[in-house]
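This document starts with one chain, in the form predicted alone, laid out as structure tokens.
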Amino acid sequence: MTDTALSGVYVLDLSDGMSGGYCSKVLRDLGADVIKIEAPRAGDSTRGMGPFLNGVPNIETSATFLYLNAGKQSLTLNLESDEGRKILRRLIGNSDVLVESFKPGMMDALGLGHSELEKLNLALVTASISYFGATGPYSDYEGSDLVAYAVSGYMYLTGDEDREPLKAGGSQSEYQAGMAGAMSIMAALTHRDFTGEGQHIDVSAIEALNATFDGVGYYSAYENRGVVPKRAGTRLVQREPHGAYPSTLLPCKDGWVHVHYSPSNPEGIAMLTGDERMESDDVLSEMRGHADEIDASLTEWLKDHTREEIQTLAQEIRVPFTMVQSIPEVLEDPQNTARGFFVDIEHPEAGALKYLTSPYRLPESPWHAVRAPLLGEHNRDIICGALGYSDGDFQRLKEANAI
């Protein structure tokens, strides 16, 4: 196999759920070797998340788990047992990175607080991912993706102005936290290359979400001008009349399109619609203030055109109109096909399924398609192979419910 960007980096994923799972997925996609530590019998909580193959719950066919853990090894350890913790400590001594998502304080309760980890492996990089972070008055609070949306301010700005706040689709706080963790880990590994020392990274999912939704602009508007941003439905949260025409979604002949304007071609909307009013000075000088009028002009033109026609015509004059695609359409999108973004991976329980590859392409260290592990699939390989336990020891560990 071709050397990859993180070849030779060994990661212990002690986390449970999406955030830590995505963090170690990014590292694995860049070439790290990842051991997923799971609870015996039940496994990671994402194994219980649907959708499942044929709609039948099965810890081996959860789409969420299969995606997040493709290419990792699965080792089951009972961390409530002395033997389980002993095995973990040995693995820590031989690892480069540890990812965990326990509530703050739980690692200390396991006898694996940061000071103890330093004794086991001074060069270890540890990333602790939690909703509120390890410090502050909220650090012990229970959290969730919904909580993160609410507390970060993201939810306050999502939805229609005259309706209740909404949560955006998916689990973005989890994935943003995972990405923040992965980026921090790679920076810490670079620091270690110069100093020989690891460090402990504290990642807050709420802060990760807050840092990626243009919050700084909203805070600045409030601090400097006393402007409190409001929900704007599908529009950009932009209220000043002289501002740009705010991005929005409008219906067309066969669905919906995202419409915007181009700073390099502000007359583009008039060129598309044939409405000369759209290139008049009073409209162009206060596009946000004329948003409703622009919407009406566009809607009249859009109703006679399909999404593909609109996107093609707009791109020809460099105006960023794009069609809103369904999931089946995304799978068949010629751009995704040309870049090989979806691949089929065979799994012994789930069969052949389409998987997303990687959003980043490193020509010298390409992404490799490898299936997700069965629960505890690599127990013997790791315990007897990597750690040198005998077959008798392995059987004893099983009988003691340590693995």
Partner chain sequence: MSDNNQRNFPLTGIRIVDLTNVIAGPVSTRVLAQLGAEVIKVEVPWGRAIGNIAMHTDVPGELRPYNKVASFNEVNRGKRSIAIDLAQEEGRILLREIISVSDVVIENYSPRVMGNLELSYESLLTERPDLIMVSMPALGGSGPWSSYISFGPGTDALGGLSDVTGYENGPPHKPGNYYADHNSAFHVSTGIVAALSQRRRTGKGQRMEIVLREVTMAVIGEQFLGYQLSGDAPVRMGSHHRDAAPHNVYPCRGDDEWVVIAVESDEEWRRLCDAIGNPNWSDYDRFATKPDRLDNQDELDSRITDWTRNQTNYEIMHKLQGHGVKAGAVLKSPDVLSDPHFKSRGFIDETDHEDAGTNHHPGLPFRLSRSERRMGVAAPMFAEHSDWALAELLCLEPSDIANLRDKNTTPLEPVDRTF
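The shown structure was predicted, so the numbers you read here are calculated from the model rather than taken from an experiment. Positions refer to the first chain, counted from 1.
The following text describes the form predicted in complex with the partner chain, which does not appear among the structures shown.
Novice: Just one of Met155, Ala270, Leu120, Met106 has a heavy atom within 4.5 angstroms of the partner chain in the predicted bound form, so which one?
Specialist: When the partner chain is considered in the predicted bound form, the option within 4.5 Å is Met155.
Novice: Could you work out which of Leu110, Leu236, Ile92, Ala291 is the residue within 4.5 angstroms of the partner chain in the predicted bound form, going by heavy atoms?
Specialist: Here the answer is residue option Leu236.
Novice: Applying a 4.5 Å heavy atom distance criterion, does Ser101 contact the partner chain in the predicted bound form?
Specialist: Result no; Ser101 lies far from the partner chain in the predicted bound form.
Novice: In the predicted bound form, does Val151 have a heavy atom within 4.5 Å of the partner chain?
Specialist: Yes - in the predicted bound form, heavy atoms of Val151 and the partner chain come within 4.5 Å of each other.
Novice: Arg41 versus the partner chain, in the predicted bound form: is there a non-hydrogen atom within 4.5 Å?
Specialist: So Arg41 does not count as contacting the partner chain.
Novice: Taking the partner chain as it sits in the predicted bound form, is Ala350 near enough to touch it, meaning that at least one heavy atom pair lies within 4.5 angstroms?
Specialist: Contact check for Ala350: yes, within 4.5 Å of the partner chain in the predicted bound form.
Novice: Assess the spot marked by Tyr10, Gly376 and Asn401: is the partner chain within 4.5 Å of a heavy atom from every one of these residues in the predicted bound form?
Specialist: No, none of the three is in contact.
Novice: Name the stretch: of 275 to 283, 71 to 79, 294 to 302, 312 to 320, exactly one has residues whose heavy atoms fall within 4.5 Å of the partner chain in the predicted bound form.
Specialist: Only one stretch passes the 4.5 Å heavy-atom test: 312 to 320.
Novice: Would you mind checking 119 to 136 for residues with a heavy atom within 4.5 Å of the partner chain in the predicted bound form?
Specialist: Read in sequence order, the residues that approach the partner chain (within 4.5 Å, in the predicted bound form) are Phe132, Gly133, Ala134, Thr135, Gly136.
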